[in-house]
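Below you'll find only one chain, the form predicted alone, shown as C-alpha cells.
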C-alpha cells in the first residue's frame, strides 16, 4: 500500500527583487511513492531541495504544479495532519523549561485528552530514553538529548507517518547510534518514516530504500542494499552522483 504518493511535483521560487525575471527551481517534476511501513531516506547535498520537498509534503509550501497524496487524501485535511509527526532540523526549546513541561505544552497544542496526556508523555519519554531527564531543564541537555526530545515531541500524537529533517545533524557518534536505534524501534512499531540526510553511513544502516536528489531532480531511487552492492558503499555512489555527467 502506497502511503505517500508524489505526482510530478515542481516548485518554482520567484525572485525577491520584483524587477528580475529569473526563477529558481526548488523541485523539478518529481514523482515518488512510499509504501506503508517503509523507512525512506532522501539524500542530497545542501541546497538540493530536500527541505523544500519535505515542506511540500507537510503542507507548509504549495507546489507550483503537481500533487501530493498522503494516507489517501490531501495534507490540507485536518484528519490527515493529525496522523503525521514532524521533527525539524534544528528543534529549539526554551532552555528554562523542563522536558516534561515542553511535552505538556505540545500535548495542549495537539489537543490530547487530559486523562491520557500524562501517560502519553511518560510513554514517549521512555521511547526516546529520556525518562530520567523528565524533570531536567533544557539548558542541561546535550544536543543529542535535545534531538531526542524533538523526536518525543514528534511522536506525541502517535503518528502513522514520521517526517524527520536531518535528524542526525550535528550529532556525535553516540548521538548517531541513539537516534538510529530510536528510528528503527519506531519503524518496528509500524511507523512509516521519511527523512532527509546527507550522512551516508547512517542512511545505509536505517533505510529500506534511498532516493538521490540533485538540483531539485530525483535522479535515482533504489533499495539501500542494491546501492551498496552496486557501488560498494554509499560514499562512492554519492561522489558519482555529483560528478560531471552524474550516475551512469
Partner chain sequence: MRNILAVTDYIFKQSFRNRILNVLILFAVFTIGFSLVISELAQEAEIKIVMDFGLFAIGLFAFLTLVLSVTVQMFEETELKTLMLIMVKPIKRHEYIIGKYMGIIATVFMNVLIMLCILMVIISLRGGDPWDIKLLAAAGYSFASVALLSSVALLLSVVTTSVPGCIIFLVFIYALGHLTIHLKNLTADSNNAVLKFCVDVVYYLVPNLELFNLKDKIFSTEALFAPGYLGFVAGYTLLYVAVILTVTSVIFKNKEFY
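These figures come from a predicted structure and were not determined experimentally. Positions refer to the first chain, counted from 1.
What comes next is about the form predicted in complex with the partner chain, which does not appear here.
Proximity to the partner chain in the predicted complex, taken as heavy atoms within 4.5 Å, picks out 56 to 64 from the listed stretches 219 to 227, 193 to 201, 56 to 64, 29 to 37. With the partner removed from view, the residue among 177, 143, 126, 81 that has a non-hydrogen atom within 4.5 Å of the partner chain in the predicted complex turns out to be 81. In the predicted complex, residue 134 stays away from the partner chain, with no heavy atom inside 4.5 Å. Interface residue remark: residue 118 is not counted as part of the site for the partner chain in the predicted complex, having no heavy atom within 4.5 Å. The partner chain is not drawn, but in the predicted complex it has a heavy atom within 4.5 Å of residue 94. Contact check for residue 171: every heavy atom lies farther than 4.5 Å from the partner chain in the predicted complex. The single residue of 140 to 170 lying near the partner chain in the predicted complex is 153, the criterion being any heavy atom within 4.5 Å.
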